[in-house]
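Single chain ahead, by itself, as structure tokens, in the form predicted alone.
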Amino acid sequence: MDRVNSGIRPTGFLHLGNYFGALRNFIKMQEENECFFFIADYHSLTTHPTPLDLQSNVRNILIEYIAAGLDPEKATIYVQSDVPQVCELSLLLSMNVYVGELQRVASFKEKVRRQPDNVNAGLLTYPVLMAADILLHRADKVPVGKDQEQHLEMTRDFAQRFNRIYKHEYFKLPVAYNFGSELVKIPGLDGSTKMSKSDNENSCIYLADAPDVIRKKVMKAVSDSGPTEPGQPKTQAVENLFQLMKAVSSPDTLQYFEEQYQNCAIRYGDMKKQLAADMTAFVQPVYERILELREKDDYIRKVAREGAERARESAAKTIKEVREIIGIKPF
């Protein structure tokens, strides 16, 4: 049985992009693999969240993981900071990582461009901590999106370098988990090609959004003045609306609005009303489960506690063996 490892940063609520891009596949993975799913609160510290926000966000993500279908009886679900061994492994790996290769990471260069006043060491060493998250449980597979492929390749490089330096084939070289098909990419309501709260919070439909909130967001979605001739290519914003409808609506509904567009008879107001209704129906079971779990603090704490215990057991074994390989032994 393969070991699978994946995490999500606690920066708010999970949205439809998270769900289609990761959570639905996580649910499949837990049926066939030994899975470790974690909430990456250490990673989120690069953005300097307040203590109250951090604690609240961790709780939200844990609730939404479970509401979306992750089963604590089938998979290990834990909070990153509850497993201190990840910090030690990150430190040990960093001794064989070079500053130049970290500075060339695409996501680091993008963060430097976008937030020049907050270029902290945590951003630079982000790939090392991410590698530690993966290698800590000696994962075989890691579900990653297109934007994380470079980080996974670096994890493989770090693992291979460790094995070579210490002449011990200890770490596996994890591969991307592709689920046997092309990953789904959910676009934003603001006309962007990816639903992301990092760029524009209003572009997202959150799993915890109430029906009236979903409707307001969808009705404000960017569109255009409509086609003026048959066969006219769709603008990015309009293509987004069709992609969202493809994700949550019936094929007949999608076909109807495609025909309306091609016939230059489409009314975007009608399309958005239908899309909002279909999104609400799609999210409803998860939303209701979220409301239920918010009232079960004891259960949520139990899931986190038991998940941390299982994760620490796995992590402790790895750290013990890594220390021995390196030569760190008690006198």
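Residue positions are given as counts along the sequence shown, with the first one as 1. Note that the coordinates shown come from a computational prediction; the quantities given were computed from them, not determined experimentally.
If you look for the form predicted together with ligand TRP, you will not find it shown, but the lines that follow are about it.
- Look at 208 to 216, 98 to 106, 161 to 169, 127 to 135: in the predicted bound form, residues with non-hydrogen atoms within 4.5 angstroms of ligand TRP sit in 127 to 135.
- Shown alone here, residue 148 lies within 4.5 Å of ligand TRP in the predicted bound form, counting heavy atoms only.
- Contact check for residue 70: no non-hydrogen atom falls within 4.5 Å of ligand TRP in the predicted bound form.
- Interface residue remark: residue 43 is counted as part of the site for ligand TRP in the predicted bound form, having a heavy atom within 4.5 Å.
- Although the partner is absent from this view, residue 92 stays clear of ligand TRP in the predicted bound form, with no non-hydrogen atom inside 4.5 angstroms.
- The contact with ligand TRP in the predicted bound form, taken as any heavy atom within 4.5 Å, belongs to 142 out of 238, 247, 142, 154.
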